[in-house]
Every structure is written in structure tokens, then in C-alpha cells.
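Given as C-alpha cells, the chain that follows is alone and in the form predicted alone.
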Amino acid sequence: MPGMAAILRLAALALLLAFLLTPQSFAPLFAPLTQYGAPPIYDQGNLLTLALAHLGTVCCAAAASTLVAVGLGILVTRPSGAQFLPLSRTLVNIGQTFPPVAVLAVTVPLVGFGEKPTLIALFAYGLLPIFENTIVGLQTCPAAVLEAASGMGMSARQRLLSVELPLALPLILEGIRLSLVINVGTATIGSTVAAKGLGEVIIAGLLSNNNAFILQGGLVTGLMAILLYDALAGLERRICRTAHLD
């Protein structure tokens, strides 16, 4: 049902944009969730600005995670770097072992409040899926293809760039997509250390016992994660199709 999926995708995007651009038009829907005359729509900041700041933080952290994780994955799958695989895997797993809240608690005294500790926490949390997928993608390249590339006179660098990475690309992109989507939800904790994002809306709702704020923050974050996952899946298919045709 590709047609129905496209319709649902467009409907979700339209709903998200409508709420972020004209949130007050949704006030009647959220009013039953408030009490004692509390505002039904978050009014302590611009929702669109918060959503863009939230997404920006996630994307910056994902870019850094991708550079480091893919670089490490390449290093430990080369004969000269294979000995560093256990150490690299241990270091990358630290980001998943320690909750992001714990990372924030450690980094705030070092870098202060704001966006920096949130970026560090998301960076560490997003390494593992990209790193592991890079390793699997590079290690599962068909031996016959690699031998043929060597037989054509390719250097190790040429073989990596022209053969191994293109073959591993689908798995690498899948790891990046998973990392990004996980961190869309995780980034809400950044508001506990004064980072701009949708966590502000949720925290404001918790502090004021306003369920409408909590629901708004959760719904926008959830819709962003779903749409981002879907968009990246489509981009992944297009890139892989182009690489295959080339």
C-alpha cells in the first residue's frame, strides 16, 4: 500500500507544520487537559523555534558521531588497526552503558550549562549503532569482489573508497538513521541543563502539572522522529539505488 503510506506521511507532516506554525488554532483540542485556567498551548517560547533548535542539536551530534564511528570502523577493519577493535568497542559502548542523564551530570561541571553538554551526551549515545553497522558492512564485503579489485591493481585506499565503502553503505546509513531517531527522543533531556529544545515544553508541563504541555512536547517529538526515520529511509534507498546503478 505505497499510496496509503504516502498519504499518511504527508498528513503527519502537514499536521506537524500546522501545529508548529499556528499552535493557537489547536487550543480547543488541548483545553480539556488543563485546569484552573492554565494555558492550553505552550506560551513560554516559540514552538517552531524550539523544534528547529531540537533538530539542530540532534543533527550536529549525529554528524560528529558519524565521522568518529565510521572512522573507527574503518580503522579496526584494516589489518594494521585490527588490534584496536576490543578497545574501540569498549569505548563506544560506554556511551550506551552510561545513561545520557549521567553524561550530562559529568559534563556540566566541565563545560557548563547549555547546548554543549547535550551535544556531548548525544554524541556518545549515538556512536554504537553507526560503529557496529560500519564494522559489519565492511567485514561482510564478498571476498571474491575484494580479490577482483586487488587483481585490477587497486591500492588498499582505492579498494576502500571504490569498493568496500559503497558495498557497506546500506548498513552504514541504517546505523546513522537509527542513531538519529533514537537521539530525537533522547535530546529532550537537554532542557534539564538549559539547552534549547522540545524538552522545555515537557518540563514546563511537569512543573506546572499541565498535561497539555506534556502532550504537546511528546507529540511533536514523536512526529519528528517518525518523519525523520521515514525520510532517511527513503534517502537511504535512493542513495543505494544510485550507487548500485553507478
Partner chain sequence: MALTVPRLRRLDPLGALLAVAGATAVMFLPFVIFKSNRVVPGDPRGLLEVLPAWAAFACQASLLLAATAALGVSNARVRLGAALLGVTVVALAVAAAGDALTPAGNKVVRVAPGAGVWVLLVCLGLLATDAITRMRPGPGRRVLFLAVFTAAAGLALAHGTFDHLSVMREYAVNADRFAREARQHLWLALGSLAAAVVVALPIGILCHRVPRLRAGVLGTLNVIQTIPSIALFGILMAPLGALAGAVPLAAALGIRGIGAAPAAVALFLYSLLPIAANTVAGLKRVPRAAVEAARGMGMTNWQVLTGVELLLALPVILTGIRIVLVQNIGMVTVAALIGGGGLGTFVFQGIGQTAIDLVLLGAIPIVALAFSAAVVLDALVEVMDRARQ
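What you are looking at is a predicted structure, and each value in this text was computed from that prediction instead of being measured. Here the rigid core means the biggest group of C-alpha atoms that line up within 1.5 Å when the two forms are laid on top of each other. Residue numbers count along the first chain shown, from 1.
Absent from the display: the form predicted in complex with the partner chain. The rest refers to it.
*Asks:* The partner chain isn't shown here, but in the predicted complex, which of 132-140, 150-158, 104-112, 71-79 has heavy atoms within 4.5 Å of it?
*Replies:* Among the listed stretches, the partner-contacting one is 104-112.
*Asks:* Using 4.5 Å between non-hydrogen atoms, is residue 221 touching the partner chain in the predicted complex?
*Replies:* Output for residue 221 is yes: heavy atoms within 4.5 Å of the partner chain.
*Asks:* Applying a 4.5 Å heavy atom distance criterion, does residue 144 contact the partner chain in the predicted complex?
*Replies:* Residue-level check for residue 144: no, no contact with the partner chain.
*Asks:* So, in the predicted complex, is residue 39 in contact with the partner chain at a 4.5 angstroms heavy atom limit?
*Replies:* Heavy-atom contact with the partner chain at 4.5 Å: absent for residue 39.
*Asks:* Heavy atom to heavy atom, is residue 66 within 4.5 Å of the partner chain in the predicted complex?
*Replies:* No - in the predicted complex, heavy atoms of residue 66 and the partner chain never come within 4.5 Å of each other.
*Asks:* Pick from 50, 62, 181, 204: which has a non-hydrogen atom within 4.5 Å of the partner chain in the predicted complex?
*Replies:* Checking each option against the partner chain in the predicted complex, the one that comes within 4.5 Å is 181.
*Asks:* Verify the C-alpha shift of residue 155 between the shown form and the other one: is it 2 Å or more after superposing the core?
*Replies:* Moves: no, less than 2 Å.
*Asks:* After a rigid core superposition, would you say the CA of residue 92 moves by 2 angstroms or more between the shown form and the other one, or not?
*Replies:* Yes, residue 92 moves 2 Å or more.
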